[in-house]
Ligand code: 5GP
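The form predicted alone is given below as one chain in structure tokens.
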């Protein structure tokens, strides 16, 4: 994978471009993708954003989100496939392994176009990309897209749409600046966005205060009935059944941030969330301090991500995967003290 700086000179020649992100995109994945979309269209490129799956309704406020194609949507898949087959460049944002694009992965692997990676997760699959940057010290892919725009010499192209998308991604991935990834460079970026007119309260409301009543009642139910605390391991687990999702009519995005709640308990060092989906059991892990949930997820749940935030998945039953988690706690008892 060549350094992304070597790609900058090519930006002056209009191309057909596709931008994609990981499945079930979060604020950072969608925000960084749409920010890059608004930047590249100003350079006269023909740009399409394609998501591997659907996304949370609370992201629909983002400028041009209505133009994003959902590859899992049967009415849009054929169009997305044709656009991908004809693209010159494929920007891959907020994922480090092609498989994270789910059913889109086989098509991406077969494309002969130039692939460009912009991502901040550990252990990237660099051989899959022609150009790129992978920087685990960055707070978010949105921060990296900002750096990409500035370093390429086009800071003047940062308009309101780009500003709002980038800020949404940043607050989504840093928990509104609470995580250690919120570095000095990030705050300098936000200061620059404020100088350009960022309305941070507006974006914050869109991301955090934009849900239906049923989600709040769901959270109350889950914390009361589905949370286990293991004080001997300074850990907590929330296990959500399929019946819970049906009862509260939970949609994509409604469980966003739920894994962070147990970390507010005094002494808790790691929090885990597992959701019983139709095709798999989906895990999320968060930690404080020096416990590496990236390694924990890779070793036990076919996952990975960041040192203090990662995910995973299994095809075992909910009961079996919860039991595996409890065994993994015992195996990591010393590190969790």
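Positions refer to the first chain, counted from 1. What you are looking at is a predicted structure, and each value in this text was computed from that prediction instead of being measured.
FYI, the form predicted in complex with guanosine-5'-monophosphate (5GP) isn't displayed, but the following is about it.
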Margin query: Can you tell me if residue 302 lies within 4.5 angstroms of guanosine-5'-monophosphate (5GP) in the predicted complex, counting non-hydrogen atoms only?
Written below: yes
Margin query: Is residue 52 near guanosine-5'-monophosphate (5GP)? Define near as a heavy atom within 4.5 Å, in the predicted complex.
Written below: no
Check: Given that the partner is absent here, does residue 269 sit within 4.5 Å of guanosine-5'-monophosphate (5GP) in the predicted complex, heavy atoms only?
Finding: no
Checklist line | Exercise: residue 215 in contact with guanosine-5'-monophosphate (5GP) in the predicted complex, heavy atom 4.5 Å | finding: no
Next item on the list: Could you check which residue among 97, 111, 227, 150 gets a heavy atom within 4.5 Å of guanosine-5'-monophosphate (5GP) in the predicted complex?
Entry: 97
Item checked: Heavy atom distance at most 4.5 Å to guanosine-5'-monophosphate (5GP) in the predicted complex, all of 15, 87 and 115 -> no
Notebook entry, point to check: Heavy atoms within 4.5 Å of guanosine-5'-monophosphate (5GP) in the predicted complex: which stretch among 65-73, 33-41, 282-290, 52-60?
Noted result: 282-290
Next item on the list: Note that guanosine-5'-monophosphate (5GP) is not shown here; using its position in the predicted complex, name the residues of 300-337 with a heavy atom within 4.5 Å of it, in sequence order.
Entry: 302, 303, 304, 305, 306, 309, 310, 311, 312, 313
